[in-house]
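Only one chain is included here, represented as C-alpha cells and corresponding to the form predicted alone.
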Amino acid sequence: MKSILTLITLSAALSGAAGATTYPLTITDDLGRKVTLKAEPKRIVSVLPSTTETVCALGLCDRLVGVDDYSDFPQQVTKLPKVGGLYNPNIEAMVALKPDVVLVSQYGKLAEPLTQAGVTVIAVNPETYDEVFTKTALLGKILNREAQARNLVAKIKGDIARVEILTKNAVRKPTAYFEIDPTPYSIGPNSFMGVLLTKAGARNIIPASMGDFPKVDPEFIVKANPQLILGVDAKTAGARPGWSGISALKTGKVKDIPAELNTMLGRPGPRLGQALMGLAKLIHPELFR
C-alpha cells in the first residue's frame, strides 16, 4: 500500500510540474492574433465579467488591478478601479493601471488602441458551451494556473452532472421559449445558454438554424405555442398581440428570471453549474421538494 501511495503522490507532483507554463508564451487569441507574453502576468485587467470570475476562480483575484463596469463577482472585484464597458471603454484608465495583460472580448475593438499604447492584449471570449471549458483551460495556461484550471473545469462539469441526474428523472420536459431581451431575442440550442436549457429539462422551440442568439419574430413564438415561457413576466407576455392563447399563458407557466440567476445564466464562466441548478428549479420545482 505504501508503494502505491508513493506512486500516486509522485504522479500528482509530476502532473503539477508538467502543468507549469513556460514563458515567453505565444498563443493565438479569439481575434486570430498571435500574442506573446514575455512573463507570467502579475497585473491583470479584465474587461469581461465571465473572465473576471474565471481569473478569481483560478485564485488570482489579487492580481486584478482593474475590471469592466459590469464585473461584480466575487464581491472583492467591486472595489477595483472600473475601466468602462463594451461600448464605453476607458482606454486611458486601462493604460494608467500599467497592466501586464488586458483580457478582452473579441468585440469592442480594444485590441488595436491598447496594443498601440504598448499594452499586451488577449481576446478570450467563450460563446459556446464547450468553449467555457476550453477557454478556462486557455486562461489557466496564460496565467500559469493550468492545474487549477483543470480542477475548475472538473468542478464545473461535476456541478452540471449532479443537476442532470435530477432532471433526467423529469416525467415531462416542456417545450420552452427563453427570452433574453424584450425586442425579442432568444437563445439557440447550440449556445451555452441553450445547452443549459436542455440540460435543465426543457425542449427549446428555437431551431439551431436560427443561430445562437437570434432575434425572433413574435408570430413564430405564437405558432410554436410553447408550454413554458422564461425571461418575461406573465403580465408583459399576456399584453402582446396573440400571446394570450399560448399554452404557457393558459396554464400559468410564464416565469421571469430572478436577477441574480439571470446574471449567472448570462456569464459563461465558473458559476455555470449554479446557473443550471437555478434554471432547473424554475422548470422542474417538483424535483427539488
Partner chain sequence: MQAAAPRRGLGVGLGTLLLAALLLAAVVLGTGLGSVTIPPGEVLGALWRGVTRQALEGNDVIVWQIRLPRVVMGALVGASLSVCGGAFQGVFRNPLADPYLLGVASGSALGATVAIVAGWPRGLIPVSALLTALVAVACTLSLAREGRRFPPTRLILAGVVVGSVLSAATTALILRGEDRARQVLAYTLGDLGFSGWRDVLTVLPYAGLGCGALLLLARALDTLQLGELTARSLGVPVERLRLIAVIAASLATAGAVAYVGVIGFVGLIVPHMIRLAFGPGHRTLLPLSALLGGALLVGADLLARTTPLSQVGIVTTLLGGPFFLWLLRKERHD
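Residue numbers count along the first chain shown, from 1. Worth saying up front: this structure is predicted, and the values here are computed from it rather than measured.
Keep in mind that the form predicted together with the partner chain is not shown, yet the notes after this line are about it.
**Student:** Does any heavy atom of residue 185 come within 4.5 Å of a heavy atom of the partner chain in the predicted complex?
**Tutor:** Yes, residue 185 lies within 4.5 Å of the partner chain in the predicted complex.
**Student:** Please determine whether residue 240 contacts the partner chain in the predicted complex, using a 4.5 Å cut-off between heavy atoms.
**Tutor:** Contact check for residue 240: yes, within 4.5 Å of the partner chain in the predicted complex.
**Student:** With the partner left out of view, is residue 215 within 4.5 angstroms of the partner chain in the predicted complex by any non-hydrogen atom?
**Tutor:** Yes, residue 215 is a contact residue.
**Student:** Although the partner isn't part of this model, could you tell me whether residue 223 comes within 4.5 Å of the partner chain in the predicted complex, counting any heavy atom of the residue?
**Tutor:** The answer is yes: residue 223 has a heavy atom within 4.5 Å of the partner chain.
**Student:** Considering non-hydrogen atoms and a 4.5 Å limit, which listed residue (180, 147, 101, 77) is close to the partner chain in the predicted complex?
**Tutor:** Here the answer is residue option 180.
**Student:** Using a 4.5 Å heavy atom cut-off, which residue among 164, 219, 130, 92 comes into contact with the partner chain in the predicted complex?
**Tutor:** Spelling it out, the residue with a heavy atom inside the cut-off is 219.
**Student:** Sort through 35-43, 242-250, 50-58, 22-30 and report the only stretch with a non-hydrogen atom within 4.5 Å of the partner chain in the predicted complex.
**Tutor:** Stretch 242-250 is the one.
**Student:** At a 4.5 angstroms cut-off on non-hydrogen atoms, which residues of 63-91 are near the partner chain in the predicted complex? List them in order.
**Tutor:** 70, 87 sit within 4.5 Å of the partner.
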